[in-house]
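Just the one chain here, the form predicted alone, laid out as structure tokens.
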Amino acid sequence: MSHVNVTADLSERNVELGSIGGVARNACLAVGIIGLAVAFLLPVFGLADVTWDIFWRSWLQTWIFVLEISLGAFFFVIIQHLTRAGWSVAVRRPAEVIASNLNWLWIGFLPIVGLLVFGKASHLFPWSDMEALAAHAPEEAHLVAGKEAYLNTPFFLIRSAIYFVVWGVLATYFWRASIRQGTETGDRTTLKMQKISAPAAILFGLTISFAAFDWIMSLSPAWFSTMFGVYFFAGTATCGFSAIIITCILLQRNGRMVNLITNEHYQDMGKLLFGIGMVFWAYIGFSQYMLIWYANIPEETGWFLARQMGDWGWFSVWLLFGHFCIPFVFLISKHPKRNWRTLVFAALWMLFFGWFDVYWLVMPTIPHDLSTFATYDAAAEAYAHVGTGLLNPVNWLLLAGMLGIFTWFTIGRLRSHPLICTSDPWIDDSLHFENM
């Protein structure tokens, strides 16, 4: 790392959001409330062919996407402290704020808890009603019965509570410690955050892996993949890194963090998005698909077959090109990473395909009679009519609603504290950072 000469304006006008964002924040709250309310009314009145089964699956999918944004930002914060990175001080506070939403996002999971407790979740999690599963799919029920010690409602809810506690406590700690760091002299708080980052990284890896198994993989309880937790992690990196980039650019376009966040920072954030959120995602996705295709075990291949039949086949192809092939070519050079216009376009593109990816994971269902077909072609012909439901208004209303509430909270917390820790021991390195 070398140094460049910049004028570092650490005045209150440049490092505090102040009243800016008030109108946008109120608009986000209004969009959030209206979006969620209208989405809820669709199944109540049977509009747009939205049933409660469709509504709750879309709710779970959208909530997981918003959760991924905060989890990805949380990983960014942890890894900066773990590696004792100096370059990221200028962009770390927005990441901490986005991650701090983990202390309330558990509220979005409460409807799922209610469905499980009152025995109404079998359309989401077939394992929650083994009698119904045995009646409709006896072979699948036989496989799932061997997992009952793990897949049962009490243990499922206990594990979910553990995930939320770990994420909420750690994310809130790093956020508040960073704020406290800004009022102290010396490096005591900095060193403490660096020490805690190591066990935090381990807990993060364990919890997001098991959360992916519980909330997504158990939607098809007979299916299993040892790589699924890593694939979910790559998705969180895609969403979290994209959101950090978008937030930083919006702050600068509103006259804040001028000359504090530079093209050098954007280039490094673009590298992270490119390397983990794009290339690593594709590597893990291909590895998972290749191993399951090569083994050709019916219990494993059915999950992918369901995503290759009917309109899901084109959906899967578009996911591959949209999440990897097209942005790979667009972002491989350093120049689009250093231009805020091209970088924000890339971040918005990747954030959308992060949502697209979660939709691909959650929404398809494996037909119970898939194993009865003699060939893949016979199954594909029988289910050629299957649609993705992508254009169903409930998907977009819930997305607008949850993102609106999420953004409302985020802007509020950005306004409540300085946008950078001016007393961080590494701030000089960050303000004068230059890529080699």
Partner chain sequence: MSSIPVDPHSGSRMTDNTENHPGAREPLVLNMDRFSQVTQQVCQVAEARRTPMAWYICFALSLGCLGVLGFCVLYLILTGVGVWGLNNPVMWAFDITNFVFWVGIGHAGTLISAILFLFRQKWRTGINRFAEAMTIFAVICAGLFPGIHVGRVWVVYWLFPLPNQMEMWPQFRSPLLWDVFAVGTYFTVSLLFWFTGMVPDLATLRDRAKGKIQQIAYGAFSLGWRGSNRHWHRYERAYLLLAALSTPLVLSVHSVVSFDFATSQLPGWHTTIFPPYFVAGAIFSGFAMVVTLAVPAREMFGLKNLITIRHLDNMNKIILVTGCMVGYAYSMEFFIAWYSGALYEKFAFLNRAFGQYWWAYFLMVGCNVITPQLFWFKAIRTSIPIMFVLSLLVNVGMWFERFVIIVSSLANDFLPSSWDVFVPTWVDIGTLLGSFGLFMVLFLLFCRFIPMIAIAEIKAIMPQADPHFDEHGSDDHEAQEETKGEVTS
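None of the values given here were measured: they were computed from a predicted structure. Residue numbers count along the first chain shown, from 1.
Keep in mind that the form predicted together with its partner chain is not shown, yet the notes after this line are about it.
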Could you tell me which stretch in 239-247, 150-158, 103-111, 343-351 has residues with non-hydrogen atoms within 4.5 Å of its partner chain in the predicted complex? 150-158
My question is simply whether Phe286 lines the interface with its partner chain in the predicted complex - judged by any non-hydrogen atom within 4.5 Å. yes
With a cut-off of 4.5 Å between heavy atoms, is Pro138 one of the residues that contacts its partner chain in the predicted complex? no
Even though its partner chain is not shown here, does Phe118 get within 4.5 Å of it in the predicted complex, heavy atoms only? no
In the predicted complex, does Gly255 come within 4.5 Å of its partner chain, counting heavy atoms only? no
Even though its partner chain is not shown here, does it sit in the predicted complex so that Trp87, Ser209 and Asn435 each have a heavy atom within 4.5 Å? yes
Would you mind checking 178-199 for residues with a heavy atom within 4.5 Å of its partner chain in the predicted complex? Asp187, Thr190, Leu191, Gln194, Ala198, Pro199
